[in-house]
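Each of two forms of one protein chain follows alone as structure tokens, named structure 1 and structure 2.
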Structure 1
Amino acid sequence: MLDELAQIERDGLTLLAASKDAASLERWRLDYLGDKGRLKQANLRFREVPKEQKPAAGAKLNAVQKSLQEAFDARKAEVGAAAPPTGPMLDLTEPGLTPPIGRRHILMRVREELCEVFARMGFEVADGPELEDEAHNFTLLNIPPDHPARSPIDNFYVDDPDATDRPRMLRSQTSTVQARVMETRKPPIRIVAPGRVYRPDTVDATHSFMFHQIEGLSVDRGVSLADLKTTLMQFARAYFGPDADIRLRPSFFPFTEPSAELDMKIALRPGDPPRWIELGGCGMVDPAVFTACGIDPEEWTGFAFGFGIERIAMGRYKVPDIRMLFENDLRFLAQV
């Protein structure tokens, strides 16, 4: 046993000295120090050594194992220090690379910008639930029961409208917030209500089944159509610049009378000529809406307006397709 251990030590040290790289060192380790290596096999045969020789054989076994392990560690350090570097060289004196910094999504930024513009004109921000009831979405806004806008084909109903008197639905307009504010607060009122709305529209370059609106409402004594036009003009020039060109086209909405569509000349692509783009609707609040919400139309008048935030973002940042705002393509989001 003693002679065998001495031979293992001599052979191991000789082969270890000849190992020149990490691969040969690993093969040596497995051959001599591994679970199936020569030292492990010698240790298994230790039980066959006569009792009187066990002390000497055990001491020799420990000494050989320690000797080979220390030699392996030393040789491994030598080979590692002598190995040439691999891969690209790193110049620690070069300036570091600045990691990209995230920012808020373009729609959230535009929403905050719009609220800030209207805040400078005295409007405060109001909020309301996205899961609405039919009364606030239609009835209080002077939309009669037989109006086609109530059709389940054009709305996302949560409850069957034929099975309950007050079915719930995903709101189709943020005008519901105006109704809720007028129900619970006395004039004067001056609010904007940004938020998500839902309609089962076919998705294309200018439509989506979920989009964002910002509604405005001003109620006070003596409010006129001139106040509405002045507010919209001031908004357009504050947000799009002093050369903003807008127009009001006569229209019809059940909750305003008179009503108008707000258009603005916008170039959706750099280099394209500006063309009229509809931003939303507006008008003087219909007296029937005031009455339904508990406000005396003989004492108070008001105007309301509603814009699509996506349309404004597309005009401000020259985005030609609304779908680009929801695809989360980092190449696009890094540009706007």
Structure 2
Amino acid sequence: MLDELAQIERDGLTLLAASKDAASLERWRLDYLGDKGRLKQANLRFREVPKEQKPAAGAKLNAVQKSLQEAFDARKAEVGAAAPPTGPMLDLTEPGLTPPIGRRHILMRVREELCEVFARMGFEVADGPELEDEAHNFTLLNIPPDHPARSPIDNFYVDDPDATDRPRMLRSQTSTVQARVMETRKPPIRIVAPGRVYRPDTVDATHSFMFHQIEGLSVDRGVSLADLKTTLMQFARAYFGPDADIRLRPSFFPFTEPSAELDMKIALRPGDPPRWIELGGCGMVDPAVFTACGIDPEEWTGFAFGFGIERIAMGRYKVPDIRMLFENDLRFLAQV
């Protein structure tokens, strides 16, 4: 009702300004202020307004009535006095002239928003190759040679793992970047690693064989589970709003111990009611991972976390099907 009244007021004032003579003014008066005019019509529907909204709607109705009546009176006085214009006039109601502009992809927007929030928390963006070796995708992450996660069925190997010493593969997780950073840098380390990962999933509305993850890693002296929870809570509140909450449920991952599933109580879309969403995994870096990467687990401790970027982007923009993200139809891309 309030929106409708505001629209009546805008239309009325615009058309009133365009009324240039007594006849068009009278037609306007009948359209807006007359017995069968738009305001009267709106008034008739007043009883359909829910009770709790009545006071506001009533006040607005009176205000619009007053505004239109005053504008009409003023315009009537003007039209009587002014001479009709000659020559071209400015028309501010013609549509704007915009050069054709493009858009960032929503996945890349969300990636950057996430990196920005983590940057404010002292996390640098780190990068690693997508074409990986087993050492970084598995071995250094405490996933031993006979582990089922290494099955060629569940990975995109470029070389046959049974026939090659160092088979190459598309990384199945961004945790590979953890291993690469820890191999080459000394702690303290605080990084996030966003990027593409590949798993031969059957494609449907929520699964794709290529998707994006963001991985976080913090290594320092005295880093604890409480630091992990604090960091994730700070992130959740900074990105999703001050009412966000987090919950950790025990789980198992080879490269963290203790390990946990990460749930966040968030409104993915501003204004929606917050609800619990399974977002990803997290935990304390397993000492075996530190040792494999040449970091002394007695001196340093750390935590790691990871979650999917598509999940957040799809929730935030209400994308119904993950495949839309990769079709790149301009009508989709232009909606942001």
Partner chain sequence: MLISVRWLNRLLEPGNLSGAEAEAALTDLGFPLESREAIAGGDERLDVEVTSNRGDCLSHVGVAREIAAATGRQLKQPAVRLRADLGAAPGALGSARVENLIADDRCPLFVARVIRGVRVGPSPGWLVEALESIGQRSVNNVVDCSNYVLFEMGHPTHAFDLATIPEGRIVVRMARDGEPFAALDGRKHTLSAQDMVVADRDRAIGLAGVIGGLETSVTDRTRDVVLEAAAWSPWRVRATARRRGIRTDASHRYERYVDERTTAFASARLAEMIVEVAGGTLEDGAAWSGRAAPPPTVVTMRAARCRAILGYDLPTAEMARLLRAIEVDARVEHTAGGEAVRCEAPPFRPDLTREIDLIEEVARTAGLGKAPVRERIEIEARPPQNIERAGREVASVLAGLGFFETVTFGFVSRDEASAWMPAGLSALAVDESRRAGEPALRPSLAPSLLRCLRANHHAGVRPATGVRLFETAAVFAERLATRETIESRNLGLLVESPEGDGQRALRELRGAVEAAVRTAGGSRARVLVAPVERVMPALAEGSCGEVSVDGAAAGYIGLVGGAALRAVGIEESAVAVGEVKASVVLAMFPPAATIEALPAFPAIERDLSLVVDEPTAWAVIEAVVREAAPDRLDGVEFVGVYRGKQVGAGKKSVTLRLRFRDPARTLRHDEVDPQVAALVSAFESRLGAALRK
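The term rigid core refers to the most C-alpha atoms you can superpose between the two forms while keeping them within 1.5 Å. Note that the structure is a prediction, hence the values are computed from the model and not measured. Residue indices: 1-based, along structure 1.
**Q** Is the form predicted on its own shown as structure 1 or as structure 2?
**A** It is the first structure (the form predicted on its own) rather than the second.
**Q** Once everything's superposed on the core, is residue 92 shifted 2 Å or more at the Cα between structure 1 and structure 2?
**A** Comparing forms between structure 1 and structure 2, the residue 92 CA shifts at least 2 Å.
**Q** Once the core is aligned, please say if the CA of residue 266 is shifted by at least 2 angstroms between structure 1 and structure 2.
**A** Comparing the forms between structure 1 and structure 2, which are aligned on their rigid core, residue 266 does shift its C-alpha by 2 Å or more.
**Q** Answer yes if the CA of residue 153 moves 2 Å or more between structure 1 and structure 2 after aligning the rigid core, and no otherwise.
**A** Superposed on the core, residue 153 moves its C-alpha less than 2 Å between structure 1 and structure 2.
**Q** After superposing on the rigid core, what is the C-alpha displacement of residue 331 between structure 1 and structure 2, in Å?
**A** A shift of 4.1 Å.
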